[in-house]
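Okay, here we've got a single chain as structure tokens, the form predicted alone, with questions on binding and movement later.
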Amino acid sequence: MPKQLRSLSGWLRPYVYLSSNSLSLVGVIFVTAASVLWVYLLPVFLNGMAGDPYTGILIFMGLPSLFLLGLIIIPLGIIVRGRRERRKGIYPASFPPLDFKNRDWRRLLLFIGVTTAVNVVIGGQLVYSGVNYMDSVTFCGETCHTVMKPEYVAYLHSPHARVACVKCHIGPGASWFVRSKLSGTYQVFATIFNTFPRPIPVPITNLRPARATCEQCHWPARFEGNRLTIIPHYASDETNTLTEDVLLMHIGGGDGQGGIHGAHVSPGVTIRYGSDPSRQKMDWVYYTDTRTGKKTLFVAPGVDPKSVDTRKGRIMDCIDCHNEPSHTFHLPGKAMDKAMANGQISPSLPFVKKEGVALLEENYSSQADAARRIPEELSAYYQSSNPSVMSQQKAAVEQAGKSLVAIFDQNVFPKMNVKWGTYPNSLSHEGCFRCHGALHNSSVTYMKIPKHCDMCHTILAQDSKNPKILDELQLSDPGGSSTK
């Protein structure tokens, strides 16, 4: 043991001597400064919040980087000084002895022990806070402001606006956490060097399976039954005539209880398919039901059933229909219908639906350009075509202009080349008809995947001005249904 201590002492002597150098001193200054700032900002670190994304970058990323840089520079200075003195031939042949009788050596050991413990606490807390901040909605949505603005704005107006981005994009577990951080590193460099695509493509190929994310909160096997849905439509005529569709959606679910969920995600049912990269054009669908033993292959016209390998392809899950649960982009007509039904745009303004849609569909160089031109052109339209509207309903016209700008700002982003319809929503007839009515049974060519209306919903009223069913349910107000 004494021999081992002497060996350890001999090994440490050069490092004690070499630690006195300017580079290591700079590292000590960095670590000290970061530690002092950490103490000062400790409430912010414990809270995990910052006033804005740029402050958050400085606090949760810049400060940990400064701290870790200092810890790296300290031993680097020792190495650099040792190599420099060896090269110049001034490296000492021997060093003062190090033993516990030496008071200075005892003090140095105490200093190293205390600072190491403190550095572990501070460093661990800084790294944890930095990683935690990178998982925050603020960092995901606002740090790369231009790049992620379309997705972030859509997220803020979605039903999942209080669900953190990482809950869906990463989910629980270490492997997907590491994978996301590696992917994020590439995205950081793409942002720095301005090489990111415009628009940002939907990450359908690298999203975690919905069963590991969506189904942490939602339970597809649960029986939902039927759901009343009211869809308002405003015509492009002078009075913006209101008609409504009233549907009873057959959500279904459960174990063989039918409905939309029951047919697609009921226990025992597996649907595997092949498609183009966007998943908007289906080549084949293979349906199996372990409860009944039924197996059916459906193929698109021109696809040879013998060329289909049913062991491959993608297994259908939630996001094949709910492909925009948190980033929904609306078309101008539907967006206006919703705004008019909610009272954000007054239906009493003549031709407001027609003119509003026309203004929304114009080409604008930027959102600022749209924010300036839309209200101006709407006011100019009424001033020239119907001056009495401007004199009697000026406030309603101004409010309509603001609401049109809000619709545009939520759905169109010229800087990112996001236009009307850039991101299609599969939770629609177009989404259903990718398979239903398009693909036929590989054994019976005239038998297609059915697309009867009543399979998914019962129509209680269609294009009706005053649906009787809504009077009976006391829902005659177009804004009266939470499912609209």
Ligand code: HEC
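Numbers follow the displayed sequence, beginning with 1. Since we're looking at a predicted model, the values are computed, not measured.
In what follows, reference is made to the form predicted together with heme C, a form of this protein that is not presented.
Asker: Does heme C come within 4.5 Å of any heavy atom of residue 261 in the model of the complex?
Answerer: Yes - in the model of the complex, heavy atoms of residue 261 and heme C come within 4.5 Å of each other.
Asker: Determine whether any heavy atom of residue 385 comes within 4.5 Å of a heavy atom of heme C in the model of the complex, and answer yes or no.
Answerer: Judged by the heavy-atom cut-off of 4.5 Å, residue 385 is well away from heme C in the model of the complex.
Asker: Within a 4.5 Å heavy atom cut-off, is residue 36 in contact with heme C in the model of the complex?
Answerer: Heavy-atom contact with heme C at 4.5 Å: absent for residue 36.
Asker: Taking heme C as it sits in the model of the complex, is residue 63 near enough to touch it, meaning that at least one heavy atom pair lies within 4.5 angstroms?
Answerer: The answer is no: residue 63 has no heavy atom within 4.5 Å of heme C.
Asker: In the model of the complex, which of 344-352, 367-375, 395-403, 196-204 comes within 4.5 Å of heme C (heavy atoms)?
Answerer: Stretch 196-204 is the one.
Asker: For the three residues 242, 419 and 475, verify that every one has a non-hydrogen atom within 4.5 Å of heme C in the model of the complex; reply yes or no.
Answerer: No: none of 242, 419 and 475 comes within 4.5 Å of heme C in the model of the complex.
Asker: Within 4.5 Å of heme C in the model of the complex, heavy atoms considered, which of 339, 308, 73, 321?
Answerer: For this set of options, the contacting one is 321.
Asker: At 4.5 Å, heavy atom to heavy atom, what parts of 398-422 sit next to heme C in the model of the complex? List them in sequence order, or say none.
Answerer: Contacts from 398-422: none.
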